[in-house]
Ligand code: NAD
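To begin, one chain is listed below as structure tokens, in the form predicted alone.
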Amino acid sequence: MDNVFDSALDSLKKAGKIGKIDLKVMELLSRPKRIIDFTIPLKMDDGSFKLFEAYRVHYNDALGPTRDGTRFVPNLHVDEVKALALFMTIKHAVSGVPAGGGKGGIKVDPSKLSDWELERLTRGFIRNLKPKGPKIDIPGADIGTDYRTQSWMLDEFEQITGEHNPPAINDKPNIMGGTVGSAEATGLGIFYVTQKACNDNNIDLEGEKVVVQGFGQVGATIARYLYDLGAKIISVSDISGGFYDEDGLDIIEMQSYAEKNHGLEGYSKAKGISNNELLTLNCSLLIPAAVQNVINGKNAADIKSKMIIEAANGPITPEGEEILKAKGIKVIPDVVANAGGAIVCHYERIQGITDDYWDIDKVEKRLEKQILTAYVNARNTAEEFDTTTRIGAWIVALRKVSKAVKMRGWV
């Protein structure tokens, strides 16, 4: 099942059937509430003209306004955006965040644009999207977007509306009304969940072999937390390829190299390894932190990890998960494991609305409590129905969404 939206619907259908969710609610959730598909015209620095495809999906808003990420990638497809918006719907619900699921993006390779072209394109996204504000839909950051793009988005929104409104855009810098801890939130949340899941499954992280596929902001953050705890990170990878050392990599040095060189390409203090080889290394923890569908029906049988923590969205296909389940490999699903970013975006919105900004200790303590509550609820529900943690998490979320849908009288 290569289509990530089909994979998302597979989890939806399985959880709905096992959790006995109302069929009318399931029908409602089988498609997004709203899909916005538009084109952004851009005059390039050399005077030429290009058109860029863009999307925003509001999947379901029964629990609150739709939020979050905006993805700038060259191979973006509307089905990918639909899947991510559905994941956000479930992620918010299972984490106790009063929000619906939203996702958006532009089909573009930002590395091929100048800074000025990227700014004009980002502002064009907001102008053409015509966002209605933080009570309706709040765009956040994702792959290819960062503090700069979010600052431009907020400024463009405020220029259009004529009012300062920090909670209208998520994942912005502190000086623009953002929150401390947002950059590390997803990785830190994964770290909290990983510790708890390992404790539940009698895995002592100190000295255990860990593989991290993806060394961007999320992958590098979780690798560093585990490295500092004493885990042996034997392999990591980024877009340039994989790096391997059976005795353990120096993650601090690799982070420094990646920051200085904008990636790991050319790093010479480890053996080269392909991303496919990396996934099948003998280890205690495998953490896919890049893109969807990397573990599938073709390679799942070769996975040797004791446990997989999904740091990326949708990294395992349904066919792959069935094989992993038969092998007894535990999977901690994306909608729980990587919910830290979504949770801290919620904190960012609270702070922006109240104009009362928190310190890092408050952010991290609240994040730890909230994400571990989500994990425990998913684990306990999985045990209740004798199913996987993924389906347990989806059942928790669907119960909440279903109740809200019915109270609103939608079905």
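A quick note: this is a predicted structure, and the numbers were derived from the prediction, not measured. Just count from 1 along the sequence shown to find any residue number.
Although it is not shown, the form predicted in complex with nicotinamide-adenine-dinucleotide (NAD) is what the next lines describe.
- Only one segment in the set 160-168, 248-256, 308-316, 120-128 has residues whose heavy atoms sit within 4.5 Å of nicotinamide-adenine-dinucleotide (NAD) in the model of the complex; it is 308-316.
- Gly214 belongs to the set of residues with a heavy atom inside 4.5 Å of nicotinamide-adenine-dinucleotide (NAD) in the model of the complex.
- In the model of the complex, nicotinamide-adenine-dinucleotide (NAD) sits within 4.5 Å of a heavy atom of Thr186.
- Contact annotation: Ala301 falls outside 4.5 Å of nicotinamide-adenine-dinucleotide (NAD) in the model of the complex, judged by heavy atom distances.
- In the model of the complex, nicotinamide-adenine-dinucleotide (NAD) stays beyond 4.5 Å of every heavy atom belonging to His92.
- Only one of Leu205, Leu113, Ile143, Val78 lies close to nicotinamide-adenine-dinucleotide (NAD) in the model of the complex, with a heavy atom inside 4.5 Å, and it is Ile143.
- A heavy atom within 4.5 Å of nicotinamide-adenine-dinucleotide (NAD) in the model of the complex is found for one listed residue only; from Leu281, Met176, Ala290, Ala270, this is Ala290.
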